[in-house]
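A single chain, nothing else alongside it, follows as structure tokens in the form predicted alone.
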Amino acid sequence: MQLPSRTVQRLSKYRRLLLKFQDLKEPHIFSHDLARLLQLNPVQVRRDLMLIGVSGNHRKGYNVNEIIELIGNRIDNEKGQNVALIGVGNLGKVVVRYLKTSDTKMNIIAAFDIDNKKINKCISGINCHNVCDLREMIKQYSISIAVITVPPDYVENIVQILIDAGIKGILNFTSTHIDTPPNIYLIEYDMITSLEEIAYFVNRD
């Protein structure tokens, strides 16, 4: 059964939080505590855990290591997913460093830019290549996910290259909305929209 996207998002958050407790002796957690730490509804947490086959103990709660393992079984690819970053500006460098130090199955293996000062340089252990090589390297290294952090004027051309090269998923950090075919999973993160949402609720208080 395919999980809803919101469920996958929550499962990822559960795991990242619980990884902090996995080394404790026999770590357990109750659903209401997990919900409180992530500002969620305990009923929703229990439903999510039931979907992946986690069973709790009324006295001790849920086994943390069991949750981590079962989440990995459902949302991870056994070999991991190869990721490319396009646009090695300040934001791109932050994204590379974060992915390289995170406990995730996402393997960021290449970065791309048009700036000759960045090409053939190493960013947090990742080589930066010329964007002209993007199509070839996506196929050569079986890259399935692209993270875009380029200036708005370059977005349309980059997306077309990614589509032609057979990319499967895109995380768009730019302010430019992009259209993709139905077979490509797209997530767009717009910082202004997020800040305006926060500002709206702050103003209401």
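Heads up, when I say rigid core I mean the largest set of C-alphas that superpose within 1.5 Å between the two forms. Predicted, not measured: the structure shown is a model, and the values here were computed from it. Note that residue numbering follows the sequence shown and begins at 1.
Unshown form predicted together with a further copy of the same chain; subsequent notes refer to it.
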| item | value |
| --- | --- |
| a further copy of the same chain contact at Gln22 in the model of the complex, heavy atom, 4.5 Å | no |
| Interface membership of Asn120, a further copy of the same chain in the model of the complex, 4.5 Å heavy atom rule | no |
| 4.5 Å heavy atom contact, Arg135 and a further copy of the same chain in the model of the complex | no |
| Touches a further copy of the same chain in the model of the complex: Lys168 (any heavy atom, 4.5 Å) | yes |
| Contacts with a further copy of the same chain in the model of the complex, stretch 183 to 204 (heavy atom within 4.5 Å) | Asn183, Tyr185, Ile187, Tyr189, Asp190, Met191, Ile192, Thr193, Ser194, Leu195, Glu196, Glu197, Ile198, Ala199, Tyr200, Phe201, Val202, Asn203, Arg204 |
| Ile187 C-alpha moves between this form and the one not shown by 2 Å or more, core aligned | no |
